[in-house]
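What follows is a single chain, given as structure tokens, in the form predicted alone.
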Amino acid sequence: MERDKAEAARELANWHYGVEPDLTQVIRIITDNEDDPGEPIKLLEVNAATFATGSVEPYAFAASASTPFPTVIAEVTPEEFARIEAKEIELPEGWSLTDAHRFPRPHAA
């Protein structure tokens, strides 16, 4: 049975938690056209070990055997995330925290 986009996003978030010990949050950005198979999974990752840039720079990845959907990931520091929430740093066009889904850190990670 083929995984749906939500399940693939959850698995990707859990895997990232498992390999990134300083990852504090993984947030899936949900847009109006999520049902479009070409619409990528969009993850905003808050990582204390990343370099601050003062902006949100997403990186795109093609679909793969492990994640059968295109994926876009942006990584920010906890301080930058606080500035995003305060609307001092803008998210990429079309991204919003309004309908976002936050993945909790798995207990084993």
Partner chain sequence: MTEEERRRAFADAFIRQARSDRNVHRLLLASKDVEACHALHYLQMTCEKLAKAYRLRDTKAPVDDLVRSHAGFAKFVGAYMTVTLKRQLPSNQLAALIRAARKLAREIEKLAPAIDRDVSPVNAEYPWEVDDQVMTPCSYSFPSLELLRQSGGRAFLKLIDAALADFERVTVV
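Numbering follows the first chain given and starts at 1. As the structure is a prediction and not an experimental result, all values here were calculated from the model.
The same protein also has a form predicted in complex with the partner chain, omitted here; what follows describes it.
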property	result
Heavy atom of each of 12, 19 and 48 within 4.5 Å of the partner chain in the model of the complex	yes
Any non-hydrogen atom of residue 82 within 4.5 angstroms of the partner chain in the model of the complex	no
Distance check, residue 66 to the partner chain in the model of the complex, heavy atom within 4.5 Å	yes
Residue 33: touches the partner chain in the model of the complex, heavy atom cutoff 4.5 angstroms	no
Interface residues of 61-75 toward the partner chain, as seen in the model of the complex [heavy atoms, 4.5 Å]	61, 62, 64, 66, 67, 71, 73, 75
